[in-house]
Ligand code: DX5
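Consider the single chain below, provided in structure tokens and representing the form predicted alone.
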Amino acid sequence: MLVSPSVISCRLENLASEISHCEKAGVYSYHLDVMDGSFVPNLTMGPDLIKAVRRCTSRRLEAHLMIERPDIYAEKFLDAGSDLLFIHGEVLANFQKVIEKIKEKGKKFGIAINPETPVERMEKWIAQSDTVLLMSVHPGFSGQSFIGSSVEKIRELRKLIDSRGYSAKIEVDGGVNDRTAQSCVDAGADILVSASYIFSGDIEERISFLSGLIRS
């Protein structure tokens, strides 16, 4: 399995060291949660923190934009070093304009889908995505419990992607740990995002556990 640690839960005062532990475990990418206090009830990192992470790694950086106006701010996050921008399907933005801006920069687009949003409603954007981010918690705060119905939603998305011949990977974000990850893998996930589980224990050991999972 590909693993994308969510930097929101690392000890920021030891950012370089935390990333070094992740690198030793062979992570695929880093997940960067950007929240504006409007689309979600929390405020987190901006482009400057993404620049700091970029200085510590050459791995893929995914900026998860939980913001109302990704069409205005996308370029700032791309210029900060993001390789992929996740845009929420629920925001009222000009998606095609954002996608064009991302591709002009030679970067990748991904659609993010909240727990209550039907997968089929997002098919137009899934077809254009490098990766689809399925939220298995309601976005806004780390440490939430995994929503059990997300497993069926992963299966539904896997079936849609495979039947249509789309190339998008499936990434699952929220409550992913040693108790919930296997069911995500079995349902068809390609990438696992984990925050508090990875950074609340032995980082290398926990990433190795997740990356070692296979579909049963």
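Throughout, we count residues from 1 along the sequence that is shown. The model shown is predicted, which means the values in this text are computed figures rather than measured ones.
Another form exists, predicted in complex with this ligand; not displayed. Remarks below refer to it.
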{"item": "Listed range touching this ligand, judged in the model of the complex by heavy atoms within 4.5 Å, from 166-174, 181-189, 50-58, 150-158", "value": "166-174"}
{"item": "Non-hydrogen atom within 4.5 Å of this ligand in the model of the complex for each of I8, M135 and A195", "value": "yes"}
{"item": "Heavy atom of G110 within 4.5 Å of this ligand in the model of the complex", "value": "no"}
{"item": "Exercise: P115 in contact with this ligand in the model of the complex, heavy atom 4.5 Å", "value": "no"}
{"item": "F95 within 4.5 Å of this ligand in the model of the complex, heavy atoms", "value": "no"}
{"item": "Close approach of G89 to this ligand in the model of the complex, 4.5 Å, heavy atom", "value": "no"}
{"item": "Neighbours of this ligand in the model of the complex among 136-157 [non-hydrogen atom within 4.5 angstroms]", "value": "V137, P139, G140, F141, S142, G143, Q144"}
